[in-house]
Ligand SMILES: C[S@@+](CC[C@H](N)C(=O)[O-])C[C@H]1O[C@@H](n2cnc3c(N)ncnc32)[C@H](O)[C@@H]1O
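Given as structure tokens, the chain that follows is alone and in the form predicted on its own.
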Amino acid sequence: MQKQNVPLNAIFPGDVRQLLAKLPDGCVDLIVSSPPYNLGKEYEAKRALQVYLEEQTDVLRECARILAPQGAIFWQVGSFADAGSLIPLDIRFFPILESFGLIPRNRIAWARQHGLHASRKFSCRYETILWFTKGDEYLFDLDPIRVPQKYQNKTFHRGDKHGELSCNPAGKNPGDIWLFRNVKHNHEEQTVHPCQFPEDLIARIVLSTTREGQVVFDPYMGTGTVAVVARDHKRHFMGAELDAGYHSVALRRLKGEPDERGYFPNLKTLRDWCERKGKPVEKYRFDVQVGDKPTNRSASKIYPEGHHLEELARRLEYEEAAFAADVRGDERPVDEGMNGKRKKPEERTLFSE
């Protein structure tokens, strides 16, 4: 079957299966997405999961077909709850992806300090991102995504390299546990979408597995985060979005201008536009605005992933110490980061180098 030419840098307004049917083999270099789970109530729970996985199998079969020989796919999923049980969806997706000849490279844990609370099991505090490649020849460029070394000036103590740096001064591999903050509440990227990728998470994937000018595809584009990140890093994008409201927001984010009401799709787009135009942010509004007026970026609390990793490590260390104190019958230690006394990153010393 002859496939139609589909324009780059566009988001198809409809079912992704209609778009996939038009795409030729091997036409995209990276696929990254989080598939929605919205089957409705017409199925009972176990049947719903079966239908969902069948639909996902059809989509992933086509995704594997359109992926270039050196391409990669990153599929982010959570868990399926059924009458108190919890089924990690990545376990079900793993054999589906392998059945199309894709090769597993990483199972990334996207952890967060907050999430769904549970009373009869441990609360869920992470989701997974599965990274598969089309073949053994694939791109992984570590340099654009390096993070600071824990001991940046550590040197060799003996041998021919005595006194030389024992680690890469440009930084280290970020590893497979990620702690990018959820796009919720006062996050400047928040749109009307309830489950939105943070842009820096997508940037890590895009920068490490594609080159400038290559094509990034998101079959479930939502409000356009993958498209925005791809464009900002000089990649092409393609994708689809079935929900007309989300599709509209994605186009507004890409346009980067106020709509006819003078509203922006999120605070980040508003701030970026005001900085470019030299306009005061307080004169404009955005869709999910809380409070009387927007603030400048200098007033926002935007911390990198490393800050959130440090916060998690600090909290886990405190919880371990508090539990040990409970076992011994001692008084619990004070957590300086809680009870309204949270310190700024530069003031904390627990994990400083």
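Just so we're clear, the structure is a prediction, and the values are computed from it rather than from any experiment. So that there is no doubt, residue numbering starts at 1 and follows the sequence shown.
Below, we turn to the form predicted in complex with the ligand, even though it does not appear here.
*Asks:* Name the single residue among D335, D330, D15, D25 that comes within 4.5 Å of the ligand in the predicted bound form, judging by heavy atoms.
*Replies:* Spelling it out, the residue with a heavy atom inside the cut-off is D15.
*Asks:* Of the options A81, I91, C195, A109, which one has a non-hydrogen atom that comes within 4.5 Å of the ligand in the predicted bound form?
*Replies:* Answer to the contact question: C195.
*Asks:* Given a 4.5 Å cut-off on heavy atoms, tell me which of 213 to 221, 128 to 136, 267 to 275, 96 to 104 is the interface stretch with the ligand in the predicted bound form.
*Replies:* Of the stretches listed, the one contacting the partner is 213 to 221.
*Asks:* Contact with the ligand in the predicted bound form for Y246, defined as at least one heavy atom pair within 4.5 Å: yes or no?
*Replies:* Contact check for Y246: yes, within 4.5 Å of the ligand in the predicted bound form.
*Asks:* Should L179 be counted as a contact of the ligand in the predicted bound form, where contact means heavy atoms within 4.5 Å?
*Replies:* No, L179 is distant from the partner.
*Asks:* I'd like to know whether I87 contacts the ligand in the predicted bound form, with contact meaning heavy atoms within 4.5 angstroms.
*Replies:* Although the ligand is absent here, I87 would stay clear of it in the predicted bound form, with no heavy atoms inside 4.5 Å.
*Asks:* Any of the heavy atoms of Q70 lying within 4.5 Å of the ligand in the predicted bound form?
*Replies:* Result no; Q70 lies far from the ligand in the predicted bound form.
*Asks:* What residues, if any, in 238 to 252 have a non-hydrogen atom within 4.5 angstroms of the ligand in the predicted bound form?
*Replies:* Contacts from 238 to 252: A240, E241, L242, D243, Y246.
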